[in-house]
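There is one chain below, alone, in C-alpha cells, taken in the form predicted alone.
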Amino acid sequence: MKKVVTFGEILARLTPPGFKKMSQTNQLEIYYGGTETNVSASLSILGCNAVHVSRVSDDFLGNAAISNLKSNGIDTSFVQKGEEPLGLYFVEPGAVVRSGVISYNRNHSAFRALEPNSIPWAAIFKDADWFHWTGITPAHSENNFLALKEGLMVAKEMGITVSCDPAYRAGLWKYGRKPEDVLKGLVALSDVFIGGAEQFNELLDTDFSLSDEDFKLGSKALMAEFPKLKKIYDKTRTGKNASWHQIEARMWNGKNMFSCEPIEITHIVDRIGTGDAFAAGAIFGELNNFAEKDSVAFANAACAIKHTIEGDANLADFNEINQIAGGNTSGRLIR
C-alpha cells in the first residue's frame, strides 16, 4: 500500500439543496473537504494509505470534519485542534446558463493559526512514498507558508516524491509576500507539476496559450526554470454552459507529450473538487507505474466521474474510474 501525505485546510462547505439560490432556501447541506483533503480522500478510496496534516476547531464542527475524513479512510493522526473556528465556504450551484457562486469565510480559521514548528514532518513522512501540496496553503498565512516550506525540505531530505498544484488564488495573499516569489521557491522543491498555461504564465511571466504546441513550449520553459521537475500534467476544460463541459488531459515527460480522448459531461451534478480528482488520478497513476498514456487517461477519467458525485471528494473506486479511462462512458446499469 502506497503512503501519500497531504497538507492543507479542511473546510466545511454549505450549499442549498438541489440547484436553489441562497435566497430561496432556509436549509443548507454540509460537506467537508478542501483541495488537499479531497486529493487525500480520493487516493484513500483508490487503496492508498492517505495521511492528511491540518488543524481544525476544537469543537463539534471540527470533530465532525475529522469523522468525515476518517469515514473516507484518511489517517487523521496529525490533524491538530485549536480554539479558532473551522474555515467555511458557501456555494450557490450554477445550472445551464446560470453561473455558480462561491463565498469564503476562512480569514481567521484554525488552520491559518497553525504553528509552523508544531508539525513532526520526519515522523509523518516515515515510509511515505509521496507528498502533495497546492498553492492555496501558502496563500493563507506566513505560518502556513513556513510549515509547508519545512515539510518540503524534509521531504527532499528523505527522498520523497513531491507533487504540486500551484493554484493561484489572488484574493488569499494578504500577509505581505509576493505569491510569485513564494510559489517559485516551493515549485523548485517539487517533482511533478499539475497545471498548464495559466500557471506557466504566472510563474514565468509569459503568455502561453492553451494549444498543444504552447503546452510543449511552456513545459520545456518550466522544466528549464525548475530542473527538479520530471513530469507536467494538465487538464483543459471547454464549457458550453454551467451544466455541460468537455475535459481532456495531457502530460509532458521532458521529451514527449501524451494525451487522451476528451470526455463530455452533459449533466454536471457537482463541479467542486473535479480538479482535485484529476490530481489524485495523476498521482495514483504515477505511484503505480502506469504507462504514461494510461496515467493521463486515468487522471482525466477521475476528473470526469467526479462531476457526477455530490460533495467535495471523488468517491469513485478504481474499477469505476478505469472503465471510463478505457472508453466506456455509456453509464449503463451494472448488474
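When you see a residue number, it is the position in the sequence shown, counting from 1. As the structure is a prediction and not an experimental result, all values here were calculated from the model.
What follows is about the form predicted together with another copy of the chain, which we do not show.
Just to confirm, residue 46 within 4.5 Å of another copy of the chain in the predicted complex by heavy atoms? Residue 46: no contact with another copy of the chain in the predicted complex.
Within a 4.5 Å heavy atom cut-off, is residue 161 in contact with another copy of the chain in the predicted complex? Looking in the predicted complex, residue contacts with another copy of the chain do not include residue 161, since no heavy atom lies within 4.5 Å.
I'd like to check something about residue 189: if you look in the predicted complex, is any of its heavy atoms closer than or equal to 4.5 Å to a heavy atom of another copy of the chain? Close contact is absent here: in the predicted complex, residue 189 is far from another copy of the chain, nothing within 4.5 Å, heavy atoms only.
State yes or no: in the predicted complex, is some non-hydrogen atom of residue 30 no more than 4.5 angstroms from a non-hydrogen atom of another copy of the chain? So residue 30 counts as contacting another copy of the chain.
For a quick test of understanding: in the predicted complex, does each of 5, 185 and 209 have a heavy atom within 4.5 Å of another copy of the chain? No: no residue has a heavy atom within 4.5 Å of the partner.
Select from the listed residues 105, 259, 236, 143 the one whose heavy atoms reach within 4.5 Å of another copy of the chain in the predicted complex. Checked against the cut-off, the match is 105.
Looking at 154, 128, 95, 221, which has any heavy atom no more than 4.5 Å from another copy of the chain in the predicted complex? Residue within 4.5 Å of the partner: 95.
Which of these stretches, 212-220, 189-197, 79-87, 227-235, has heavy atoms within 4.5 Å of another copy of the chain in the predicted complex? Partner-contacting stretch among the options: 79-87.
Though the partner is not shown here, which residues of 18-36 have a heavy atom within 4.5 Å of another copy of the chain in the predicted complex? Heavy-atom contacts within 4.5 Å come from 18, 19, 20, 21, 22, 23, 24, 25, 26, 27, 28, 29, 30, 31, 32.
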